[in-house]
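Read the single chain below, which is given as structure tokens and is the form predicted alone.
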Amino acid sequence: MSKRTLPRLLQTPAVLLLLMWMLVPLGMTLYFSFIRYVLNSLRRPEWTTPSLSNWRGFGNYEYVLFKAKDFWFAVQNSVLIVGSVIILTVVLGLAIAVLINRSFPGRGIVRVLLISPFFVMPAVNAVLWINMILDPVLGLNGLAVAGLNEMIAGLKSFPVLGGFFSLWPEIEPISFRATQTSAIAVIIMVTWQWTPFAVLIFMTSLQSEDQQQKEAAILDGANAWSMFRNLTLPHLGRPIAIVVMIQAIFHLSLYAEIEIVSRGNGNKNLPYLIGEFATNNIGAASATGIIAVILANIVAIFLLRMVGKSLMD
């Protein structure tokens, strides 16, 4: 037995198990996407079983793409949430990482506290934010607005400023469970949870930054913004690309936050839409899942090329 044969034989069970783990669910999803498979079909009981006699071809895809009212909204909302979270986490992560990269008393404790939100479970994170912080009555959102209204009411009795503050209307707290603002709530809570991940990656990369270049720039009269733009930012090009790629892959599968915040009321993404279809129409859910896989792979290929280009530079 050659030296190459034995390692391949030892790897074969793991590789086969991994292939089965990936290909069997994907194959079943692909099969279900081409048949009529409806769990609660009283009119056509034969559709309740995944039989090949219920072959529909591309009918499920046609229904999802052109007849399902929420598909394109879910795609648009997915892009909005993922893009907003990535931009906010990268900007905040860069700012915080640069800020805590310098020495100050208690830096170790601050770093631990900054990273800790990343270890909170998504469902717990959503419950805490929507009930304890963003709730318009009992959360900090409602308490802050009520306190501001009380302060303005007290200022109305002042002799000079009273006339100015009497023109102010009473401020109403924002209801983040509403249709128009529920996506903003999801963006806020996911950004809070994933910013520590960006901080950790950027902070680690900043440890390897060439300090001699920065010292030379200071001697040449460069200011802090010029050094950040010309030295620190190019140095963080690869970590930024990696953070964007990893977050895009994870955020495309957000579900718990949307379910807890709005239960899909005006705020759906592709995973949530698949969950809605899966309660009854398995064929449509499978077709949506295949489309989501294709879109995710397109995004992944684009991001991998971006990361590869960054690593080659």
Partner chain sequence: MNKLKTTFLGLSMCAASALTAHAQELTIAIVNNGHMINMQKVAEAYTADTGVKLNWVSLEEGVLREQVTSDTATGGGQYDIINIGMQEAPIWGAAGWIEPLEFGAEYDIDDMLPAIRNGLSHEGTLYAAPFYGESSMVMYRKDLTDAAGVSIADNDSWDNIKAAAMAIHNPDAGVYGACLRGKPGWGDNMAFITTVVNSFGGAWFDKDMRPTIDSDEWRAAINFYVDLLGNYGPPGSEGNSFNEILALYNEGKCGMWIDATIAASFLEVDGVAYAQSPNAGNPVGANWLWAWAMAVPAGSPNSDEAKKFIEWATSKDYIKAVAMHPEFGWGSVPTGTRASTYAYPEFKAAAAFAGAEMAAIESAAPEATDLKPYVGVQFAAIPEFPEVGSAVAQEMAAALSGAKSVDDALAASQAAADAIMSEAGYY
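The structure displayed is predicted, hence computed values, not measured ones. Residue numbers count along the first chain shown, from 1.
This protein has a second form, the form predicted together with its partner chain, left out of what is shown; the following refers to that one.
Residues V110, M245 and R305 are none of them found to lie within 4.5 Å of its partner chain in the predicted bound form, as judged by heavy atom distances. Checking S175, S84, T232, N125 for any heavy atom within 4.5 Å of its partner chain in the predicted bound form turns up a single hit: S175. Shown alone here, S253 lies farther than 4.5 Å from its partner chain in the predicted bound form, counting heavy atoms only. Within this chain, L52 is remote from the site of its partner chain in the predicted bound form, having no heavy atom within 4.5 Å. Within this chain, P271 is remote from the site of its partner chain in the predicted bound form, having no heavy atom within 4.5 Å.
Interface residue remark: E170 is counted as part of the site for its partner chain in the predicted bound form, having a heavy atom within 4.5 Å. Interface residues of 178-199, taken as those with a heavy atom within 4.5 Å of its partner chain in the predicted bound form (partner not displayed): A178, T179, Q180, in sequence order.
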